[in-house]
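Shown below, as structure tokens, is a lone chain in the form predicted alone; questions about how it binds or moves come after it.
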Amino acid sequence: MRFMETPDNAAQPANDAADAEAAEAPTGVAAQDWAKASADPQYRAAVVDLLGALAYGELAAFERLAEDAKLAPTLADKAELAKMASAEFHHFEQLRDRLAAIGVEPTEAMEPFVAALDGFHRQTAPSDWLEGLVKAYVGDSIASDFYREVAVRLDADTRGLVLGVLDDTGHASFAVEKVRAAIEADPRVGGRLALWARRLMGEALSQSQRVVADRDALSTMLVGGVADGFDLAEVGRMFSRITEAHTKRMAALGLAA
């Protein structure tokens, strides 16, 4: 991360900067590559689960964006969502190819997560164009925050892949622009979308917790049994950080959290 030079940090002593850099340097499994880290069968199983969940999530995102494009009010909006859907499918292909490269059948890795993710999407089907935008912005961002939290404990090769496929496809700025414009045109829209976003937040967190609880390797990684994972207190802090990020996104949309 690059920081702007300010009076507070411009004069930081060299040894302090070195200490800070050392403190941020990856340790344990996070400092290893896949070849070394995957020698631990439990770690390997956790990564396969993680990549399987991500792959199906990207495939579902592609399908959802393609469907949302049908609700777009203009041809320009339709084209923009189609471009985003294409980016999501490219992310899916990267994950699928990575699973195949490490000797895992991609469909088998994805299968355990189909029911949970499909259930989430059934329970949160948007009723119109704006709800679809808020769902993609809020729901996808919560999932991305969760995976980024996990990524810091992954080996360097897997971490690079995961962070790469979590790159924003442009949906965030697009959703913010369209939702804020809609609220400005009709302030009553804001109340309905705020309630919708709160529902999405609850459903997304519940779904994430169910997925982890159902997969022993993933849950063990999170609570500290594998790969310098989080302890239980850190899991609580992780979800607090995700909730805080959600509140900021709601503000960006012009909605009350």
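For every residue, the number given is its place in the sequence shown, counted from 1. This one's a predicted model, so the numbers in the text were calculated from it and none came from an experiment.
This protein has a second form, the form predicted together with another copy of the chain, left out of what is shown; the following refers to that one.
**Message:** Under a 4.5 Å heavy atom criterion, is Ala69 part of the interface with another copy of the chain in the model of the complex?
**Reply:** Yes, contact at 4.5 Å.
**Message:** So in the model of the complex, is another copy of the chain close enough to Glu111 to count as touching (4.5 Å, heavy atoms)?
**Reply:** Close contact exists here: in the model of the complex, Glu111 approaches another copy of the chain to within 4.5 Å, heavy atoms only.
**Message:** Taking another copy of the chain as it sits in the model of the complex, is Ala85 in contact with it (heavy atom to heavy atom, 4.5 Å or less)?
**Reply:** Answer yes; at least one heavy atom of Ala85 falls within 4.5 Å of another copy of the chain in the model of the complex.
**Message:** I'd like to know whether Ala101 contacts another copy of the chain in the model of the complex, with contact meaning heavy atoms within 4.5 angstroms.
**Reply:** Contact check for Ala101: no, nothing within 4.5 Å of another copy of the chain in the model of the complex.
**Asked** Picking from 76 to 84, 150 to 158, 119 to 127, 170 to 178, which part of the chain touches another copy of the chain in the model of the complex when contact means heavy atoms within 4.5 Å?
**Response** Contact criterion met by 76 to 84 only.
**Prompt:** Hey, which residues along 42 to 66 are within 4.5 angstroms of another copy of the chain in the model of the complex, non-hydrogen atoms only?
**Reply:** Tyr56, Leu59, Phe62, Glu63, Ala66, in sequence order.
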